[in-house]
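So this first bit is one chain, no partners, the form predicted on its own, shown in structure tokens.
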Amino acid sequence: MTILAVGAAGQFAGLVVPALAERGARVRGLVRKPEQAAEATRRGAAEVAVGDLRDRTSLDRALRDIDAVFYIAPAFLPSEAEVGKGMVAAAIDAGVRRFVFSSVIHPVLGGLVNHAAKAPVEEAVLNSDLEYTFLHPTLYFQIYADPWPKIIETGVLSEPWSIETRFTRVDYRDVAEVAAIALIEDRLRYGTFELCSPGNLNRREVAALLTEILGREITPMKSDPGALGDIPDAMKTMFDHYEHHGLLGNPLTLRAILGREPRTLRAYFEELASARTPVE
């Protein structure tokens, strides 16, 4: 069985590659640039294809002799729905049997482009004969990795929405493990799974957790979205939703699939605090 992992050198899809390799799967990593091939190989890809999600010819090459596909779209990808549907069509034409899509929690949120754009891709899969699994992860722990040095430097945890709204989060390494199970085994076939870790924390509570772990005061703040410069309208809409509603889910499904407790935000922060370089 050969599995195509889209974005195999990326921050998130790159976590699926070792999860598959550890289970003995043969992985072909799809990367956009030739210089990313070495990273995909380092993560466990047996072979690498270079291609662009908008280039059908390169997709056809990448999908040759592939049994299953792991697909995740880059964040705020322009024309994300059309690109995703194109990937589904290419997989069907290539004779792919199984398609695992890392979608998003609550794709029915029509006002949020980064959520709503996933629904047409799921629909395209449902209107095919592909075996499928849809993964609906919530916010990833890993989004704290990039601002971590600034948090340490300033003692401030800042995001451009309310301090009070609550969020459920998840470690994408757990999502990657579920993806690997879905690609290799049959027990998740034809399922749609909300993937969340326990805890619905607001920023005050996250800052308190950081204070406890770091042994120094971390102050929660709301940053000015305008200070981010010229950001896409879709991101502004997302910030507004987060301002008023947050993003909530339930950990029961992830716990049941993994057969263990999901990784915790505390454990992730402890890894960041002890690592010289940010953990993935």
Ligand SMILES: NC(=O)c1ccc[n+]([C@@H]2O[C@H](COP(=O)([O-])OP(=O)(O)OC[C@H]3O[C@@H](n4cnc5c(N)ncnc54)[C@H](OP(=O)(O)O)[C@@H]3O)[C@@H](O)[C@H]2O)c1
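Small disclaimer: the values here were computed from a predicted structure and weren't measured. Counting begins at 1, following the sequence as shown.
There is another form of the same protein, the form predicted together with the named molecule; it is not shown, and what comes next is about it.
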query: All of 11, 32 and 74 within 4.5 Å of the named molecule in the predicted bound form, heavy atom check; finding: yes
query: Non-hydrogen atom contact residue 220 with the named molecule in the predicted bound form at 4.5 angstroms; finding: no
query: The named molecule contact at residue 137 in the predicted bound form, heavy atom, 4.5 Å; finding: yes
query: In the predicted bound form, residue 143 touching the named molecule (heavy atom, 4.5 Å); finding: yes
query: The named molecule contact at residue 68 in the predicted bound form, heavy atom, 4.5 Å; finding: no
query: The single option of 47, 52, 60, 240 touching the named molecule in the predicted bound form, heavy atom within 4.5 Å; finding: 52
query: Heavy atom within 4.5 Å of the named molecule in the predicted bound form - the one residue of 207, 81, 104, 151 that qualifies; finding: 104
query: Interface stretch in the predicted bound form with the named molecule - options 87 to 95, 154 to 162, 113 to 121, 184 to 192, non-hydrogen atom within 4.5 Å; finding: 113 to 121
